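This document starts with one chain, in the form predicted on its own, laid out as structure tokens.
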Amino acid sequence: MTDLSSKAALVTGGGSGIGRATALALAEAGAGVVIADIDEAAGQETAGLIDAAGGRSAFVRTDVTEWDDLERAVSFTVETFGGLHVFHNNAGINTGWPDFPEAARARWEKVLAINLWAVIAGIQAVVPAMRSSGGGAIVNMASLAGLVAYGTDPIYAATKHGVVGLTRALGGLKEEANIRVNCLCPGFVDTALPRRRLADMPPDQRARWEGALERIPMIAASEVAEGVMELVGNESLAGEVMVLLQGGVRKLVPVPGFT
């Protein structure tokens, strides 16, 4: 296991799902973990789980679409745990029903803001603190939808393709500042996110999707957290995109060629 006993970590969307699983894994590895989430009750619950297991945690309410909130989360992490070494850039949502182009503009604009703008802004917010801490690891949460034609939710897919491109483009931060930026692209993960989409569907569509989800081998959030921890711990990886499939299969995706 990666030893993070002298490190500080910040996890956005840490109140549930992948973010919670990763926060718990980081704390188990010894890091002081700040959970940043807009849902105060959920974020405090994650912090409580870490504390109950003997770990070190703190919670800061954060709307990742607000620059001031992101800066406050970074400052809070540094003040609480003495630096910032790991950033799990995780917060995300899907568009919901109906699909684009019928989706309401306000809804798909929110997906762009949380899934892409906030990922970019989050990196910009943490880099100065990581430089001061001697470097660190940033793991962006992308998706298999960022690598394939995911017609189910085109806006979600567009944001995740953007995260993949951003990650690859920032590989040079390793040489420049000892900051390694990588991303993880899991398939369907067993969290509330894919099921939340069902709530707005017409009954016939909902029944079809529920049946499909029952047949798909879902990936546990804890398996995704293991992938995040691999990217955090492997100091040779920078600008890399890792796919996570059912059964815990993890592999790096090469940059597509032009021949």
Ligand SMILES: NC(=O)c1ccc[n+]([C@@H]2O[C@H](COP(=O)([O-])OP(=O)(O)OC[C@H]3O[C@@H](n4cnc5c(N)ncnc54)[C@H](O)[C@@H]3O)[C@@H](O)[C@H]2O)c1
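Numbers for residues come from their place in the sequence shown, where the first is 1. Fair warning: this is a prediction, and the values are worked out from it, not measured in the lab.
As for the form predicted together with the named molecule, it is not shown, yet the points below apply to it.
Contact check for residue 186: a heavy atom falls within 4.5 Å of the named molecule in the model of the complex. When contacts are judged by a 4.5 Å heavy atom cut-off, residue 143 counts as touching the named molecule in the model of the complex. In the model of the complex, the named molecule lies farther than 4.5 Å from every heavy atom of residue 180. Although the partner is absent here, residue 51 sits far enough away that none of its heavy atoms falls within 4.5 Å of the named molecule in the model of the complex. Site residues 18, 93 and 160 are all in contact with the named molecule in the model of the complex, judged by any heavy atom within 4.5 Å. Partner proximity in the model of the complex, defined as non-hydrogen atoms within 4.5 angstroms of the named molecule, places exactly one of 99-107, 171-179, 130-138, 85-93 at the interface: 85-93.
Using a 4.5 Å cut-off on any heavy atom, none of the residues of 218-252 reaches the named molecule in the model of the complex.
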